[in-house]
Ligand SMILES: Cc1cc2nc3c(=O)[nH]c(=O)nc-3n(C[C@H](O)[C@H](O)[C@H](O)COP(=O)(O)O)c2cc1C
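Here's a solo chain for you in structure tokens, the form predicted alone.
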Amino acid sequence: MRKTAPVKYDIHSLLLERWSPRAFSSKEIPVDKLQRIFEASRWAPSSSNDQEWRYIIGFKGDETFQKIFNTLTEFNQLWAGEAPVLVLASAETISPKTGKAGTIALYDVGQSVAILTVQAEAEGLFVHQMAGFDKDKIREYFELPDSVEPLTVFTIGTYGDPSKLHPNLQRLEKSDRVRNNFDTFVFRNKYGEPTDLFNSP
């Protein structure tokens, strides 16, 4: 199933076709594809090159996968268990260079996951990121240090059969892709004042 973004301006096909499905096949992912996906994430931009991203990966049927799955909200458990891979993305919030805490680590992890997602698209795979999980359980299950902040759980896999989804999820799967207009997030002169950059065709 394709859900091409209805863009106003041409963008790269990997971004045009990237979306977050819930219908996943349990088919295993070739190791070399996963290696390239995490290699891409490794080369994300990073403030002071601190590289604060930390991943815990689980494969369907193993203990790590089950632990991650157990932390998901009931809604996410309706579909995420079919994916062959579940990953926890966390941030090391203490800089190894300065020993000080900061918030830039969260931004850097976001960049790392974003680049991972685009590489997954290039590999013919899909990623679906989730905020709906229990951080306290994650901390307990994986013995995260206090300095490590769990940020998102995501699936990696190939597209599955949407007819196997709960009826409510099937409707979400087929819904149109939408985004806010540029004037809601690109400003000039001051916050909230739209730029005229997008007034011309």
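Not measured: the values here are computed from a predicted model. When you see a residue number, it is the position in the sequence shown, counting from 1.
From this point on, the text means the form predicted together with this ligand, which you will not see here.
Visitor: Pick from L106, A122, M130, A114: which has a non-hydrogen atom within 4.5 Å of this ligand in the predicted complex?
Guide: Result of the distance check: M130.
Visitor: Taking 4.5 angstroms as the cut-off for heavy atoms, does W19 touch this ligand in the predicted complex?
Guide: Contact check for W19: yes, within 4.5 Å of this ligand in the predicted complex.
Visitor: Is the gap between S47 and this ligand in the predicted complex 4.5 Å or less for some heavy atom pair?
Guide: Close contact is absent here: in the predicted complex, S47 is far from this ligand, nothing within 4.5 Å, heavy atoms only.
Visitor: Can any non-hydrogen atom of R179 be found within 4.5 angstroms of this ligand in the predicted complex?
Guide: Close contact exists here: in the predicted complex, R179 approaches this ligand to within 4.5 Å, heavy atoms only.
Visitor: Classify T158 as contacting or not contacting this ligand in the predicted complex by the rule of any non-hydrogen atom within 4.5 angstroms, answering yes or no.
Guide: No.
Visitor: Hey, of 171-179, 31-39, 134-142, 56-64, which bit sits against this ligand in the predicted complex at 4.5 Å between non-hydrogen atoms?
Guide: Looking at the other structure, the answer is 171-179.
Visitor: What residues of 134-163, in sequence order, lie within 4.5 Å of this ligand in the predicted complex by heavy atom?
Guide: Just T152.
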